[in-house]
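As a starting point, one isolated chain is supplied in structure tokens, in the form predicted alone.
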Amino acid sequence: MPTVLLRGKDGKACLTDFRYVIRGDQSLEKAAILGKGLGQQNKRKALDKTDSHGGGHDGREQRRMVSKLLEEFDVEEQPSTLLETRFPNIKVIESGVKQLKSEEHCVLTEDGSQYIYKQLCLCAGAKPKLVCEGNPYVVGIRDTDSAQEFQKQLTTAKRIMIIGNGGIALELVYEIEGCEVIWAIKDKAIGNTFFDAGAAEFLTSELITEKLEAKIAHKRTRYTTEGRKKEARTTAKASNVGSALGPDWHEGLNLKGTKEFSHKIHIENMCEIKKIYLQEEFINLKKESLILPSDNKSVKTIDKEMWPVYVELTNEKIYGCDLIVSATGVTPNVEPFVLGNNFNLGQDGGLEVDDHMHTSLPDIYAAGDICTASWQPSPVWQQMRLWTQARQMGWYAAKCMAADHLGEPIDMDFSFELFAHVTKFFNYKVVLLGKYNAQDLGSDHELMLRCTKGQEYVKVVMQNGRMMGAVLIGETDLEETFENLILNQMDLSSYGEDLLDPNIDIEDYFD
């Protein structure tokens, strides 16, 4: 069935009869992967997006399998035309979605075009939750464009405040140099999404040490449209989201302020933002702010310097700064798809999908941060809005769409058998497996720990003698062995503490 391109009297295009339409912006890496994975059928696929630079990403990956489920990869930026050249059945359209008419199987775009689809996959990702909308001194970092805008603002900053305790906040705090950083978190310890207090303690010491390794210029794939003028986006605006950050997002960015020192970080825990004041309001109210506390000193000293913006925390402390970074999580980017369409939504606001990535509406699929997994998960898997998991969902959604079209059955992808994520925090390799923080295990579990300061931190979660999860920080070389032990649920009761004995090569036990 060929693609028909019609030009109306108003000069606006009407593109009809696509076998697949993939709508993606933040998760375009995944969307492009999905597009390539839909089989070698003679049908064209459309990738529709809102990113001002166009096109989905992925392309020339350099993949390194760490284990069966864990992989690392470097990717590089390329024009979207290369994607269309390499895969002639893919067409990239640069336009935002105005409306989805699910009953008519039609997508209307902001440029006046409409796209009739046989199957549709929504890969629109998520958008950041800003602590304050419309404030010029508040920036949310969720995509590549906002990261570059942040780098630009950081060059003139002497002090910033970071709000949040997730992955982006963790990476920012470590990577920023030459700028005072006040880190406000609502938890007792850093990295609460990923770590327990022990792992947080292990990593916190790295915040006050000099970075020993030089930065490596990682490549990151991003297909871009050519000929478009790049315009700086308003920093506080979260609606026009660009392509997802993905792995190594901070590599290649010069995250340096105006000062000459490396790290100068102060953590305010168990608190959130109470109020934000602009300078004029702060002066009129005759408020007083504090200087950055010195090491081992709890004395509160009034800050005489004037700052563009001030933050009052719920612990009653006030600090002035040049910029506030909002890294408080994301919300599924379901607009404008839900308007006029009867989608089932999860408690987190995502589009509910079943075990074949179907939404509640016919012929519409979803993958990545926009969706909420509503199937009965494996005992050692949970959904987290992480780039690696979105990528896995994209691959699987592609296979499901192709299988449905051909009327063929398809088994659940193996990647959903075990939660597995590899990343890097504070220059340490970090591997998270299964129920790594004993999620949903209740009190009937035990932890086993091994820690060598400055080298490695190993934690395993055990229940009824079986390994249910693990956190591996550093070059432990245990990820593949632990992955297998969690998957096969072998009774490890007889091994006791030998399981983490550094003098015993555990791989020999379970090779």
Ligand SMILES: NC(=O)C1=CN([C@@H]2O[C@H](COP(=O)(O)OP(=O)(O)OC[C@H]3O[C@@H](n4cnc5c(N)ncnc54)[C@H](OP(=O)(O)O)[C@@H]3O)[C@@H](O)[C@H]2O)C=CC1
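As the structure is a prediction and not an experimental result, all values here were calculated from the model. Note that residue numbering begins at 1 and tracks the sequence as displayed.
Missing here is the form predicted in complex with this ligand; even so, the following discussion is about that form.
- Residue contact check for Asn165: one or more of its heavy atoms lie within 4.5 Å of this ligand in the model of the complex.
- Interface residue remark: Thr204 is not counted as part of the site for this ligand in the model of the complex, having no heavy atom within 4.5 Å.
- Residue contact with this ligand in the model of the complex: Thr423 places a heavy atom within 4.5 Å of it.
- With a 4.5 Å cutoff on heavy atoms, Asn192 counts as touching this ligand in the model of the complex.
- Per the 4.5 Å heavy atom criterion, this ligand in the model of the complex is contacted by stretch 167-175, the sole one of 405-413, 356-364, 167-175, 150-158.
- This chain lacks the partner; the member of Lys186, Lys317, Lys429, Lys264 within 4.5 angstroms of this ligand in the model of the complex by a non-hydrogen atom is Lys186.
- Though this ligand is absent from this view, in the model of the complex it lies within 4.5 Å of a heavy atom of just one residue from Val92, Leu418, Ala327, Cys400, which is Ala327.
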